[in-house]
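So this one's two forms of a single chain, laid out as structure tokens and tagged structure 1 and structure 2.
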Structure 1
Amino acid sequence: MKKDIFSESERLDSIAAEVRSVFKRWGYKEIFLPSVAEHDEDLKKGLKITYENEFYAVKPDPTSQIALSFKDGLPIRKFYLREILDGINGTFQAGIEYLCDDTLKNKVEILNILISVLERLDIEDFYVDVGSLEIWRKTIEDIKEYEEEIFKALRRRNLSLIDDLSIPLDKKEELWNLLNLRDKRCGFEKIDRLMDLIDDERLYADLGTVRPLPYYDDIIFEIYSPRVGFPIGAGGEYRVGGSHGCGFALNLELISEIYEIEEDDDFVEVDGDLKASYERARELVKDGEKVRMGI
């Protein structure tokens, strides 16, 4: 069955307009990324193609694309709305990136914008789980030879994999406790500080269910709603050269499943004589009004 592109686009258009307006209100500028980028190992996702014996990625992950284009000049506040390909599968995403030297401020700002954009969309029943890769790395410092298995266990939340490791029982317990740590506070300064600075009941410290994507440096977060079976977004902090970035991406198609579209009645209805009505409409638009032309 083919998708109803017109009706879906109407919803996505409404969501995109709201998201774009929130990002702009926070002082972010839209970045228009080329759809086709030259192949680079640091470029994530995209549809890999060859053209005239060169390798390219079509619509790759924008965060990695922005990171590769970054030269200097902090702070950078950018956002994007576009389709992202993973092979031939595409999803429409809205994302935001904040690069600055203050690694606490960028996380606080990004998480506040995240909450504000979901509130603007009237999605109140969302949660943001905040985890930390650094806490995991520190915990397994003394058993580094098992890092690969432990991160595999973390990705799948697989207690049996940890059970099978040849490590002392107290270490296993420490890892199990981390996997089961999900609360308002977690006893780790960097996450608890974020919880204090962003005092929102929908934020959770969670060290066991946030997907540990490899390009994030430390703090990672996952956004979800009980009404959707998948995370509706994800984000985290990363390094670009010597600078720090933090950002998130929202899956607009999943958000569309829970978004209640509101009729925009802020239009001036214009009708009547063909010439006169369009002249009037032009004047109204020039003055900043929105017009809806009669059928």
Structure 2
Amino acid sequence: MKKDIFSESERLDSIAAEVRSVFKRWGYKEIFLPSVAEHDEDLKKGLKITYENEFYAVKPDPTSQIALSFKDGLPIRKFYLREILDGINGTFQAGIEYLCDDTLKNKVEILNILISVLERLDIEDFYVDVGSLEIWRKTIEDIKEYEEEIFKALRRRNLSLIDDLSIPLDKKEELWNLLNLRDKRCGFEKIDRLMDLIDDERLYADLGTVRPLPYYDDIIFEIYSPRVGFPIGAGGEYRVGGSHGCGFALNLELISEIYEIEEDDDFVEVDGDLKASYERARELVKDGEKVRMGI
């Protein structure tokens, strides 16, 4: 079934305007990324194409695209709103990236901005699950030959995949306990420190949270609402050369399902003589007013 592009665009426009305003109030600048990028193994997602015997990616993952474009000059605070392709399938996203040398500050700032955005959209019934890749890497150091199977089980949250592994029972129990650990605190200093510094009841330590994208370094998180069956956003920390980054992306199409549009009545109605009405409208806009032209 074809989408109602006009109706959907109206909803996305309202959401994008609110999200953009929050990002700007936090001091972030919009980055306009090229839709087509030269092929690179570190460039994720996108529609892969060839043109004149060269390989390209159309609308790839912005985080990897920004990372590949990074030169120097910290700190960097950027945001984007664009469609992201994964093959021929696309989703409209709003994302934000903060690169700096303070690995604690960037996570605290990014998570606080995430909360600001959702509150601005009047989405209060969300929660954020925060996990750690490093905890899992350390836990499976002695069974590294099963790393691929274990991370597959984590991504799917499928305990039976761990059951089938030829590892000692006590090790399986350790993995099960980590996979099922979800609380306000988890006993791991890096996550517990974030919980203390942000101190929001909607943040949880959830060690079963694992993101599939390979550039994440340690702390990762997913954003949920009980009104949607899939994560409405996700993010985490990563490295760019010797620098540290952290960011998140929101799925605007999923957010559209739970976002309530409020009618904007702060318009000046302009009507009458064709020439005079548009001259008046131009002056009103110049003065910062919003106008609605008569049909």
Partner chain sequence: MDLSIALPKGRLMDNTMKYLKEAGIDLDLKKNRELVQSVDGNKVVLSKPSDVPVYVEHGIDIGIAGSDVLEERKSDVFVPIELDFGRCRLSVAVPEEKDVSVEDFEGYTIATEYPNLTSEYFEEMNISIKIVGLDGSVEVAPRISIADAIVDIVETGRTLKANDLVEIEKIMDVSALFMVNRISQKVRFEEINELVEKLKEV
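Every value quoted in this text rests on a predicted model; they were computed, and no experiment measured them. Between two forms, the rigid core is the largest collection of C-alphas that superpose within 1.5 Å. Here, a residue number simply tells you its place in the sequence of structure 1, counted from 1.
Shown first, as structure 1, is the form predicted together with its partner chain. Remark: with the core as the superposition reference, the CA shift of Glu124 between structures 1 and 2 stays below 2 Å. Once both forms are fitted on their core, the CA shift for Lys184 between structures 1 and 2 remains under 2 Å.
Relative to the superposed core, Tyr224 shifts its CA atom by less than 2 Å between structures 1 and 2. Core superposition places the C-alpha of Glu145 2.7 Å apart between structures 1 and 2.
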